[in-house]
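Below you will find one chain, with nothing else, as structure tokens; this is the form predicted alone, and questions on how it binds or moves follow later.
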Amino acid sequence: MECKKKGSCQLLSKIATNEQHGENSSYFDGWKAYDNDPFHPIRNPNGVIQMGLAENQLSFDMMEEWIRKHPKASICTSEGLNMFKYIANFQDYHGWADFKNALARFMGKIRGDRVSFDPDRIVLAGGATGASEIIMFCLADSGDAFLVPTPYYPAFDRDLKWRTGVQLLPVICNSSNNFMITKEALEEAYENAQKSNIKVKGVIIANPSNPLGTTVDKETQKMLVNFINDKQIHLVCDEIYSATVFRRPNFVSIAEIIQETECNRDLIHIIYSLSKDMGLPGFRVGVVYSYNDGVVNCGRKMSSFGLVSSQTQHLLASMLSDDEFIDEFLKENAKRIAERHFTFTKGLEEAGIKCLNSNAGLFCWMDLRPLLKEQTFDAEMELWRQIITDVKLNVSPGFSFHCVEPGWFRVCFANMDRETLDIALKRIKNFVKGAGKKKERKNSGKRIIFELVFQNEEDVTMKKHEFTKSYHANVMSPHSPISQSQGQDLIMIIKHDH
């Protein structure tokens, strides 16, 4: 951390100044590029399109229509104003009973009512971030570790580690089996921790997976339960994408697995939120659902530091209790995600880009390994920078997800309208097409100019980017026009037929 005055860092705590937040990671660097130059179809058509944010903006119209028909659910309407004083007064950290009851039913409905949830075991928190930190504080001490299969959500490093001091140890998964979790990989990670005198307190998984967009099958989950039961360590299942499953295989919750498998239920915990399934990240509704009485009691006390507002609970208790609306919403939302996924992956296929076969989530795990100059993470980062600065798309590199294979990228498709998605696809297609149409020529000045001129229907001409430093061949992007000999100064202009 940089300090404006000499020694001023010493005035702050180690937690405040350590680097575990991850704000300076490549995952958030892409967000900064978007913030500095955000795309807008009219005001800034040359700007960066945000494809690094896993938001669900496909079904807001349904919720807006419900709110119009149910004005009493909000204290911000004349019909609901009579509840204002009651809502505005202090509410304790146990949460509203009506909301927790509705939330428990909603969680069961997502799982096909094959399992039920006890409202008294729900601990409310400020989003999945708050819920994840609470469960770490409850289960582990600073220096203890959790095993996490790779690739995994980059902000786990912030949510689980930053303030708790907990370590995350990777369980290596690779593309040879579509990144599935294996017992061999779990055992290896556990044994390596033992050799390093690191105390492993549990395993944490995301099901459905972020960034893979795949569900964890029943047999793998049974294997995980047996593994943690044998070791007497915890299993935390992040299930925040459970209602985004849009095709088979269907989602299977860990709550269903433990109904069929003998295990110590005190070791099983679920993280949930309404951010992805309902598309409500701004409402900051997170849930710790634990089968361990001690975790429920301690977690409820810790939730005092990140409560869900009474106004939010009041509105959502009414919405989630409307079974007819929820049934229709879940059905239609999954249909829209499926349609968007099909549109996007088909567009990528037309550009010659493949993705991991997925059935859930708000993103694709895009395989750009063929575009790497060499199979290294340096080459991945060069390609990623080129996509951001030249193609003007913020996608997330696999390196930030702790993927062990360079060339994979997560790209989100549900946080924009269809028109913006079409523009993004055209940019991708033109970028790949341009890779085969590079032209080189010498120039006396030491600079490189990149210019992409897109097709008429997009009506966007990207700005020139001038760079005044020369590049060494071994740090070139796979699409760089610079020859392999050092010291050459070139100009590249990529154009596409109108």
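Position 1 is the first residue in the sequence shown; the rest follow in order. Note that the structure is predicted; figures quoted are calculated from it, not measured.
Below, we refer to the form predicted in complex with a further copy of the same chain, which is not included among the displayed structures.
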Which residue among N250, Q194, S176, N357 has a heavy atom within 4.5 angstroms of a further copy of the same chain in the model of the complex? Q194
a further copy of the same chain in the model of the complex has a heavy atom of only one listed residue within 4.5 Å, and of L139, I271, A379, I423 that residue is L139
363-371, 289-297, 336-344, 217-225: which one contacts a further copy of the same chain in the model of the complex at 4.5 Å, heavy atom to heavy atom? 289-297
Taking 4.5 angstroms as the cut-off for heavy atoms, does F325 touch a further copy of the same chain in the model of the complex? no
Is E405 part of the interface with a further copy of the same chain in the model of the complex - any heavy atom within 4.5 Å? no
Using a 4.5 angstroms cut-off on non-hydrogen atoms, would L103 count as touching a further copy of the same chain in the model of the complex? no
Determine whether any heavy atom of E55 comes within 4.5 Å of a heavy atom of a further copy of the same chain in the model of the complex, and answer yes or no. yes
Contact check in the model of the complex: A206, S242 and F401 versus a further copy of the same chain, with a cutoff of 4.5 Å between any heavy atoms. Do all three pass? no
May I ask you to list the residues of 231-254 that have any heavy atom within 4.5 angstroms of a further copy of the same chain in the model of the complex, in sequence order? K231, Q232, H234
